[in-house]
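As a starting point, one isolated chain is supplied in structure tokens, in the form predicted alone.
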């Protein structure tokens, strides 16, 4: 049951409710959903629902009508996020687990780990204990394999995942690994489920070969019932009559799971398909369907693999897949972050250097805005988001060390560049340390029960009105009122309480303020993306630097710009953006902003940099990232 508490409940009243649950041996947890305090409990503690409804401080009691309780979204409306080291599974970033099916040797594992780490995997998988159909097949290296996995974590900073096949292995697993995997064959090994529930480590629970979704969730319930809430569900295909694939990958399970449970779900296309050429298409489809992550088998010499070589990608194939996922993820409001582990380590090091103080990142507007979402997707939970009132205020906050980073929108695929921020990049001595691209979906948001026909006034950011021009032209009688950000627009109509007023913003803002989506995806073009850059006072270790931004000016002579661009062309450096901006105080003179695919601060770029310095009047390197 869900015990929804009144907003004015006193601590004494709440403690009295918790005491009743404890005395009746009910399992419970406290939840906050959209600002509402809730106690989720399994069992009735010896009382019927009407008893709890009459307790002081209780607003209402809602029964949970599923067989699985603790994993139910009814009991826990918000998505759970499982923390594995510096990695969050179930957050805004796609988590990719990669490695060989089995640990075969130290050289093999270290070589594969180096490659998958370079291509963007954030967790490493490898079997030290292998349950095999034949008793004569390779059964794994046991503790020696676990020691190799522990070395991977130490050398490459990647948390490691391995399968446990017996409760007797619990002590070894506790010693060496970060995530305990329950394989498909053991999904209903209830004693093993209880054992890993008591371990307390994150658990990756694979779906059984012929298990229904409810049976799968009931197995997860065993783990949570032992007090371990850190469960990741893994769909790896079910056995059907189809002979052309090893199993049938049930991608429809993703939206079903997302509706039924708060637990994160990842997909294992390697075991699902059993065939190398089918892994990448199914991985791409899984991300598009809303999976929180993937588990991919990768081997540097799959023809010699002791198990599952036919379904293992070569490292180069894995790299190509990760690039595809990088493009696909923003379409479903997620990111593939190639610098995930390096970034996390850098931010943690900054916190240690500051005596354990948390890092802060400034963004424009209210919580729930797209800038806030960009902050969450880039940093996860490693920084404290700091709302500011203006872009200049954001730059000042970073300059003055009031915060460590700033989230700055630079350009939109429909509305063009945010010129104010280009000018501020020139004015302030700050650096671009990263970038992130968000797909922008705009929605007409109003009060619950409001009708579109009754709307008379719309609030949003001026660029949003441009991006939704066709939709707004169909409602020419609406007054358009500009505000500084989309979340603030929703807050405004919430506070005013006028059903004739609406806002255009993202779904997150609507949920945050308890408002209703009146029309969804009203942007003129679905290819609506905004590029944000992350600014800081100094460079940040954030993976391989593949891109740079610079500003330069040339003399006002014929061919001066051509000569600069020829340096890039002769050096085979690709420019991805070139934009001019007027120089303040110098009419008809311009600065040029350039984004290029190279690390201009790398030693091997030194000669090109010298040529640039000799060909321009002014050069500023905004950053390499």
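These numbers come from a predicted model, not from an experiment. Residue numbers count along the first chain shown, from 1.
This next part talks about the form predicted in complex with a small molecule, which is not shown.
For the residues 71, 298, 445, 295, the 4.5 Å heavy atom test against the small molecule in the predicted bound form is passed only by 295.
For the residues 334, 271, 262, 488, the 4.5 Å heavy atom test against the small molecule in the predicted bound form is passed only by 271.
Although the partner is absent here, residue 181 lies within 4.5 Å of the small molecule in the predicted bound form, judged by heavy atoms. Within this chain, residue 523 is remote from the site of the small molecule in the predicted bound form, having no heavy atom within 4.5 Å. Remark: residue 185 counts among the residues lining the small molecule in the predicted bound form, judged by a heavy atom distance of 4.5 Å or less. When the small molecule is considered in the predicted bound form, residue 163 lines it closely, a heavy atom lying within 4.5 Å.
If you check the small molecule in the predicted bound form, you find no heavy atom from any of 436, 531 and 545 within 4.5 Å. Stretch 122-130 is the answer when you ask which of 380-388, 323-331, 337-345, 122-130 has residues with heavy atoms within 4.5 Å of the small molecule in the predicted bound form.
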